[in-house]
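First, one chain by itself: the form predicted on its own, in structure tokens.
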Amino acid sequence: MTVIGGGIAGLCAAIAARRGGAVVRLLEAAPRPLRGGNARHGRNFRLTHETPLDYVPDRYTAEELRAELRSVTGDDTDRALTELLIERAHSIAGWLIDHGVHLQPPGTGVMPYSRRTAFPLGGGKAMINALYASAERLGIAINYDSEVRSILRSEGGGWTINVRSTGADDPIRTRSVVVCAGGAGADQAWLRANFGSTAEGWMVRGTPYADGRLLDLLIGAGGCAIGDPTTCHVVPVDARGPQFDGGIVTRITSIPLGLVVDRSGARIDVAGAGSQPTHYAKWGPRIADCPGQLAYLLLDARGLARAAPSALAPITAPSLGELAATLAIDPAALLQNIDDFNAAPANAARTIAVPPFFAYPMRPGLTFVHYGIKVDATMRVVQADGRRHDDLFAAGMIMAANVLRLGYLAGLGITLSAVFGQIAGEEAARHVRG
């Protein structure tokens, strides 16, 4: 069988299928140094547990996860898949540990307290490297720089995958296919078609290889699309970061400590954003609505002292006038808005008064789109006419919209991808074994 996509969903699918007795080839579009999809930027993953464990404190029950999922999805979700996700969220940490992933003990390093999520020791890249090592030990064939151009039904059964690598196209015959190639977020033309010209000012937090090509192939072959291509999870990121692959380190975390203005110096705000982790998802769309999709977070010396470390140092100036000049903002407008802010600072923010002064330029950073391919409870791709292929599966963010058609929960992306990747691999192996 063949797995398309070398992120965490693809790795979990390949390992589960190999352990299930299948001969497995994994096709990764990225070169080896950039392997791993968006999970290599991952920081933590959500799991349920009834008691404290070596890698997560206190308890976090299935009932709590179910309630929190319902709070973001409402009734617009596939209940069977949601229950599968909740059930396996209990065992996913043990499965990852069994395949070489190390988790960080609570209270060590600089990780925050979390009873809902566990933190891979060394971050997402270390987790991905451990799973690749496990896959290699199991004898899974791995092809990097392998761009899938088509997936066609073969005469006599199975599939023919046309793969472009080092400039040449080669067909691969396979009895079963698991597609774990991510969603459509990294294709700027696709984003512009669905979100309008404002998408040109967005940045993509993850891999440029999750470009939606495989999603288009599945839909073009009759697969049923699910979700809304015009809704997404987007958060504020440092505008000076890379267009792609900025990951979590370019996310701006200190908005509750300061004042946000647009390019004209006008204050912008988000009602009810507060300082909870959900404020990221509220600020992202607000910045996307700003002129040029650009805004600035302003902090004074006290605000910066309370802020978490950032990947890129803030822009610094000894006075607010000089900061305005550096940002090419009208000084009079900026100073007036700061005076108004200082008269009644919002939430936990302090006044902007103690020099030196700092600014972070911010743009919307796309995490994922609430759109993908419909699957059943075995991860088999469902056709638009309701039928399904017994030997074509999908897992990971390409099918996440079956569960998440709105909102997001911290750490859920890795859990969802690992759990559904496992299931897809198990089912594909069962199919090829007959």
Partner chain sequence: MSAADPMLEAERVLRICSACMYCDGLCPVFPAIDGKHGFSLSDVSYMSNLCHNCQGCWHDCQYAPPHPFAVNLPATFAELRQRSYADHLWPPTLGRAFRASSLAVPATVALAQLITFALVLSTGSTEMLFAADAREGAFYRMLPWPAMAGLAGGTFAWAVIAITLATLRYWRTIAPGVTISEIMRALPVALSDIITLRHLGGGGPGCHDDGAPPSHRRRILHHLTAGGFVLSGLSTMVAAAYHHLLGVAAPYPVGSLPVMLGLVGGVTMTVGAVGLLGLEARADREPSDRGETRLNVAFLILLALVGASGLAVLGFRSTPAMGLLLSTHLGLVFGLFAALPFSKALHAPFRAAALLRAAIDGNRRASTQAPEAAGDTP
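All figures in this text were calculated on a predicted structure; none of them were measured in a lab. Residue numbers count along the first chain shown, from 1.
Another form, the form predicted together with the partner chain, is not on view; read the next lines as being about it.
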Q: Decide whether Val110 counts as a contact residue for the partner chain in the model of the complex under a heavy atom distance cut-off of 4.5 Å.
A: yes
Q.
With a cut-off of 4.5 Å between heavy atoms, is Gly94 one of the residues that contacts the partner chain in the model of the complex?
A. no
Q) Taking heavy atoms and a 4.5 Å cut-off, does Arg153 contact the partner chain in the model of the complex? A) no
Q) So in the model of the complex, does any heavy atom of Gly124 sit within 4.5 Å of the partner chain? A) yes
Q) Pick from 182-190, 246-254, 169-177, 261-269: which stretch has a heavy atom within 4.5 Å of the partner chain in the model of the complex? A) 246-254
Q: Scan Ala344, Ala313, Ala80, Ala332 and let me know which has any heavy atom within 4.5 Å of the partner chain in the model of the complex.
A: Ala313
Q.
So the partner chain isn't shown here. In the model of the complex, which residue out of Gly157, Pro309, Gly196, Gly139 has a non-hydrogen atom within 4.5 Å of it?
A. Pro309
Q: For the heavy atom contacts within 4.5 Å of the partner chain in the model of the complex, list the residues of 277-305 involved, in sequence order.
A: Pro277, Tyr280, Leu304
